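What follows is a single chain, given as structure tokens, in the form predicted on its own.
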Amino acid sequence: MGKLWLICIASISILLPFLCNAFSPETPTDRRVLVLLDDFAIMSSHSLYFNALKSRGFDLEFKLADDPKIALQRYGQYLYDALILFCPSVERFGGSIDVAAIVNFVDSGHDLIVAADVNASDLIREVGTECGVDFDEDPSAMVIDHIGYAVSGTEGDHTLIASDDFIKSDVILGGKKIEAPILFRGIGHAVSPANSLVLKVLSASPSAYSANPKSKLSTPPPLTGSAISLVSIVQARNNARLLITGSLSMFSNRFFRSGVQKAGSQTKHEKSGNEQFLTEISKWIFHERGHLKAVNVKHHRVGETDEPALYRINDELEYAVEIYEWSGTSWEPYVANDVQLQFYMMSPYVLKTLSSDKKGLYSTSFKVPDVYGVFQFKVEHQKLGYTSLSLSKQIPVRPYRHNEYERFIPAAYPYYGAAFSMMAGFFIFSFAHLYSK
């Protein structure tokens, strides 16, 4: 009995960290992160990035990408909240992991970071394709920029890019401006303009192109200018978040600490913007910023507090919902002026912008349309950088009953008067005719 008790205690002590740190709707920040590497040397060469994650409370588990024992789930339960692929040259994942397993991981609402490089394998390129980006098909191609290169690399082939073409979004990159350019060396990728879920976060300059730096161009390069994305993000419809880049080096200690001066600029920065850029964007990827939740959805007739089972046409009603944003440690009121409510049946009969009290409460009031049927209260809030909110609730709307109509309509008083006059005249004429006999 004593041995059994010790086994139970040991099992709980092993599982407790996972149970306490797991991703949940109430604490949506990823905590358990699997990092797959080509070589354990990356742990030291990229230690600044990993230590920054650990300092924010992330539990990183490092494994070789071809380790035969790795798995994303066990007994139908996922073991990790997020996955980082720092293994650009891996030809085949170990264990039960493959491209389909990674896609299912994302489809289940988990987050992913993919860092390719010049030696990117077909496997990693396939993962990128599944994420909605297309790396340059030429395996020897790199991003080259003879104008936007880093000055420290002038003696080279201008493959060390200094880019500062960022997406304009404080929720994705943080409120503090990134002053220094980002150092990038690697391969570029293209984003389909038809795919609204994929966004370019860091783009190449108009003078950049993708080609083999060791050979002369015989044909125009397939990727040129600002169409080349250096870093892209995806927010899936299930609010899973992904980051895809063609440079593993940009996460390295060397690029974090390097001074940088962009060609053509007189300003030399003692340190590149890589650390700030990747720290801020990782906060977004891991739901420390831009994650919304809606609670306490209420609707009722004006002057009442209870939610009715149905409404009558022309009823005056009130609708309210509380919306909060996760700050990484707590839920804070979400403040916006573009949250809208639809009262919907086949198409919106009412479209109202909700008023905010700046403390998270959004509300409005309106009159039920003079149309009966099954309506829906719908809030569809989609905003750059934020998780999408989709709220809906059906409610029937009935017509007036036979005994609920007004007996006398003020607007019809003249007609009532005319009808009364005609009736009075008819009776007077009838009585007069009767007595005349």
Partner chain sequence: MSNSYTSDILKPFKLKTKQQELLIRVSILCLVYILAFITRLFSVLRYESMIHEFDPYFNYRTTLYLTQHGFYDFWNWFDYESWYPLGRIVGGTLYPGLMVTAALIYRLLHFLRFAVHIREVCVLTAPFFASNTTLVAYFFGKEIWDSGAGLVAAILIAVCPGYISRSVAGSYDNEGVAIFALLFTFYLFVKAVNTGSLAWGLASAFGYFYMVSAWGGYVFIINLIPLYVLVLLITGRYSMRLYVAYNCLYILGMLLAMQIRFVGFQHVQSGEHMAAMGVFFLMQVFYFLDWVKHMLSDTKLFQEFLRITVTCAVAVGGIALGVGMASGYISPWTGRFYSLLDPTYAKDHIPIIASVSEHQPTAWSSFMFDFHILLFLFPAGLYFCFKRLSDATIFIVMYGLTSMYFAGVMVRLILVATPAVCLISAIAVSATVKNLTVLLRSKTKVAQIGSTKGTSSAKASSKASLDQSQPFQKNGAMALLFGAFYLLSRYATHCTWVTSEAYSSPSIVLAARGAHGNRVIFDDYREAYFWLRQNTPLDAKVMSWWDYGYQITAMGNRTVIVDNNTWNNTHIATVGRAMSSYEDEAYEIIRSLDVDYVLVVFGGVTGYSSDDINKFLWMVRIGGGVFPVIKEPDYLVNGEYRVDKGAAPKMLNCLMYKLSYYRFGEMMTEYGKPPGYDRARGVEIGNKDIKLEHLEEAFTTSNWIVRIYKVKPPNNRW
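Positions refer to the first chain, counted from 1. Note that this is a predicted model, so its numbers are computed, not measured.
Although it is not shown, the form predicted together with its partner chain is what the next lines describe.
192 is the sole member of 192, 96, 327, 267 with a non-hydrogen atom lying within 4.5 angstroms of its partner chain in the model of the complex. Proximity to its partner chain in the model of the complex, defined as a heavy atom within 4.5 Å, holds among 296, 365, 129, 140 only for 129. Picking from 77-85, 279-287, 233-241, 298-306 the stretch near its partner chain in the model of the complex, with a 4.5 Å limit on heavy atoms, gives 233-241. Heavy atoms of residue 58 never reach within 4.5 Å of its partner chain in the model of the complex, leaving it off the interface. Contact check for residue 397: a non-hydrogen atom falls within 4.5 Å of its partner chain in the model of the complex. Under a 4.5 angstroms non-hydrogen atom cutoff, its partner chain in the model of the complex lacks residue 336 among its neighbouring residues. Although the partner is absent here, residue 107 sits close enough that one of its heavy atoms falls within 4.5 Å of its partner chain in the model of the complex. Judged against its partner chain in the model of the complex with a 4.5 angstroms heavy atom cut-off, the residues 103, 196 and 376 are in contact without exception.
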